[in-house]
Every structure is written in C-alpha cells, then in structure tokens.
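This document opens with one chain alone, in structure tokens, the form predicted alone.
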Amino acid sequence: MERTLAETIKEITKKHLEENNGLIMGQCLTAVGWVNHTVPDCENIIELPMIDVAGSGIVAGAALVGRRPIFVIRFQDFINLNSSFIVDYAAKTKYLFGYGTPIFIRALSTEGKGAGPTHSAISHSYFMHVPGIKVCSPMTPGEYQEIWDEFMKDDCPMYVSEHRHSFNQTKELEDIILPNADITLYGISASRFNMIEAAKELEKKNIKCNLSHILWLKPLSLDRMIKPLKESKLGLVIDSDFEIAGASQSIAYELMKQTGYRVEALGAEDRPTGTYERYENGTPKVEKIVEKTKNLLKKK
C-alpha cells in the first residue's frame, strides 16, 4: 500500500524518536491534529511555550548535545522570530568552532481558506542567503526520505520547506523531457502540482513543455536542470515563495548564466495575502502559468 507524505514524515519521526534518541520540539505538536497527522504519539516530544524568540535557542542547545532535534514551525510566518539562534548561531558553529548544530527545521506553509497575512507565508528564499544552512522543499514521500537521509549524514542545520497541499501525495514527481519542447518549466514547492496541470492545458494548445522538479534549493545543482533547457532554449522557474529577490529569480539567473538562454521567474506577488479569496497571494495558479508561458513564447 502506498504511503502518503504525511505518513512518511510520521514514520521517519517515530523511528528517530524511538531509535536515535532524537527529539521533536515545537508549539502545539499534540493538539489540532498532531501537525496534520505527521507527529507520532510517543516519547521525546517536547512542547515549547509561545516564546518564539527563545524556542530556537532551546532547540540549538539540544542539537549541540547530540539529540538531533526536529524543530516544527507550524506556520512559516513564525520563522522570523525563531530565526535568530538558527541564523546567528546554528549556521555558524561549523565555521567558528569546527562542529555543527544539526537541526531539522520543519517549516510548514499553508494557502487558501482564509489563512490571511500572518499564516500563509512560504519563506525558503530567506535561508538561501545564509551560509551554513541547507534548504530543500520536498513534496513526495521519496523526496522526504532523501532529505532526511542527507540530514542524518551531516551536522548542518536543514531548512525543510513543507506545504500542506503535499501531505496526501503518494506518487513521486518525475521530470519530463520531450523532443522539440517549446519551453522548460521548473517547479519549486507546491507550484510543481500547478505546473503539471498547466503543461496539460498548454499541450491542448500544441505547446510542448519539459518539466523539471526542484527539490534542493541549497546546495543547488544545475547539471540535471541544464539538459532540458538546452533542448527547449527557453525556461520558466515557478515557485510558491515570493518572486522578487527569491528562489525563482535566483535560479533563473543561474540557468541563464550557464546556458545563455532566456529564463524568467514566476512566484507570489510582492504584497501580503488577504483573508478573502480574491486577495490570496501565493503559488501561481494554473491559469497564470499558462498565460506567462504563452507570453514568453511570443518573445522567443
């Protein structure tokens, strides 16, 4: 029987807590659905009070004594206050003292249903600027297992940008490279699901799209991403995070620099999201991806 992503996270967490002397720490872990059914009911769960500034300091201390904590941020908006000890300490111990501070940061994002301006952020781009932190955005069970295995082999903090829209995902997301493709679409976070649907709509208009799924944002490897771009000679990087000064623009620039081909970015708009549906702002919708792609092809 196929496992969902949520079930995979729960199993990985349970094994870590029971067999690796691990910890999971955060706010409201055992309330309101046990973090979308991703937290197991077992020992070594520590509920942190609503003291966002100090929480990451407690977690960093646990990492330094060998507990390899999982730090759950229920909404990525809350990472701003929690980032101080991560950015200014955990990310720097390897460089300063020769030993790392391994924290597995589960930063959850949500969109829609009236989430509003303080519960809807997707903020992985922030941490791409910080030396000493790995950044990834897994959307499938296999990808989550991959990034967890990488975390257990290393002693660096890892920022894991999760999206609640992915928790029921059971199947892996495979790259698609077509002969004579018109454009290569690169997807990050939940935009990968909309990217797939947009490609189907574009196919109806005789527009062929290569699809490339981006898991690792930092360290970033372009090797696998360059091949489809050389075939299509045009690219679009799509992200659920903000477009301006974000992961989508950064990766688009790197791809253009390496290949000389035109690559543009598409992400959330430069404005807060509102509570009402018409004011939502986040993952580009299918229609917006289709429109952007068609406009790029006009310039090709």
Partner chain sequence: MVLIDEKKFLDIYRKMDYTRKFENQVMSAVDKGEIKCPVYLSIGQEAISSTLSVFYKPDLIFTQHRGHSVYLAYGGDIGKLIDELLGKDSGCNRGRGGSPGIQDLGIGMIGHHGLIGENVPIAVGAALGDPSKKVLCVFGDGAAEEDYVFTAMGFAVTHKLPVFFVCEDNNLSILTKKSERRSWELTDATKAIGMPSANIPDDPFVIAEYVKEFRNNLPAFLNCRTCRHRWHTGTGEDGKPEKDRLEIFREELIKNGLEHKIYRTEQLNGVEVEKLWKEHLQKQ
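What you are looking at is a predicted structure, and each value in this text was computed from that prediction instead of being measured. Positions refer to the first chain, counted from 1.
Only in words, not in the display: the form predicted in complex with its partner chain, which the text now covers.
Contact check for A54, I58 and Y99: all three have a heavy atom within 4.5 Å of its partner chain in the predicted complex. Comment: 88-96 is the region of 136-144, 88-96, 202-210, 187-195 lying near its partner chain in the predicted complex, near meaning a non-hydrogen atom within 4.5 Å.
Put simply, L64 is close to its partner chain in the predicted complex: some heavy atom of it is within 4.5 Å. Residue contact with its partner chain in the predicted complex: I46 places a heavy atom within 4.5 Å of it.
The closest non-hydrogen atom of V290 lies beyond 4.5 Å of its partner chain in the predicted complex.
In the predicted complex, at least one heavy atom of M25 sits within 4.5 Å of its partner chain.
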